[in-house]
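Below you will find one chain, with nothing else, as structure tokens; this is the form predicted alone, and questions on how it binds or moves follow later.
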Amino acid sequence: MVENWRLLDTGLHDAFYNMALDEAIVLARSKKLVPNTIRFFRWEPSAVSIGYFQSMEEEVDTAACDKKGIDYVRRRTGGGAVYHDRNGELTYSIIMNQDHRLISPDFQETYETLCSGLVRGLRRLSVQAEFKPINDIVVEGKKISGNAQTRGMNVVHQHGTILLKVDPSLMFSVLKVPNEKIRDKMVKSVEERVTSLERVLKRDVGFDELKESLVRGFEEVFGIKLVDEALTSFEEQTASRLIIEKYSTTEWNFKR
């Protein structure tokens, strides 16, 4: 029997809401108030997120972000600093019970399983995507998706990005680098190591087109049916609280 999962498309929101809502959904799932959920979202304004164990001061040029109107926030997951472009990226979250048949005690195996839905969705767009350990999806050896995962309260939370367009110069204008010479080398390195749907397919790919392909990919690989549903009042209220108490605070964002 095919499982029904919840599908959310929460659209454009700022970084603090996006991270708060992810945690709110995790809490709701841990209390069995909501089913397993896949969420798509975007960032307005554009933002930089850093991994849970990183230092904001070491990783992000916050003065440049302030000048450009770019948010910066700490994630609850690990990994490195990521620039989230409003018009160049679709972000997803998978929030599900840890004792599910798709979840292994091994993080590496679980990454590959959960990313396989993304891989299938991208292949439906004629993009020859492949999973690359530890947690990337690549096309012709170049990264098109990065992913992060954490577990707790019997819930697995994985989220990541799919690049529709990429602008390395803008990325490194808000991430800290030692000097201009190093910056130029890093920009060139990203251009050589990172790709996007626009570059691969040589056309613009719309967000709706990408989401539809990813939905079908998740359904086919996971053996599920994604059903459009709304947020619960618990999730909305919890997200609002977490924005104020956590994700918009200096204490959280500059805790390291």
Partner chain sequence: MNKAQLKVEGGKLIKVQLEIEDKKIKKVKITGDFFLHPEELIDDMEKAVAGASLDEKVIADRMI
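Positions refer to the first chain, counted from 1. This one's a predicted model, so the numbers in the text were calculated from it and none came from an experiment.
Just so it is clear, the following notes concern the form predicted together with its partner chain, a form of the same protein that is not shown.
- Within 4.5 Å of its partner chain in the predicted complex, a heavy atom is found for every one of E58, N135 and Q149.
- In the predicted complex, its partner chain sits within 4.5 Å of a heavy atom of Y111.
- In the predicted complex, its partner chain sits beyond 4.5 Å of every heavy atom of T195.
- Taking non-hydrogen atoms only, R124 never approaches its partner chain to within 4.5 angstroms in the predicted complex.
- Shown alone here, F107 lies within 4.5 Å of its partner chain in the predicted complex, counting heavy atoms only.
- None of Q54, N36, S30, T62 but one reaches within 4.5 angstroms of its partner chain in the predicted complex through a heavy atom, and that residue is Q54.
- Note on contacts: among G79, G160, G117, G88, the single residue with a heavy atom within 4.5 Å of its partner chain in the predicted complex is G79.
- Note on the interface: of 65-73, 46-54, 223-231, 200-208, the segment with non-hydrogen atoms within 4.5 angstroms of its partner chain in the predicted complex is 46-54.
- Residues of 234-256 lying near its partner chain in the predicted complex, listed in sequence order, are K255, R256, the criterion being any heavy atom within 4.5 Å.
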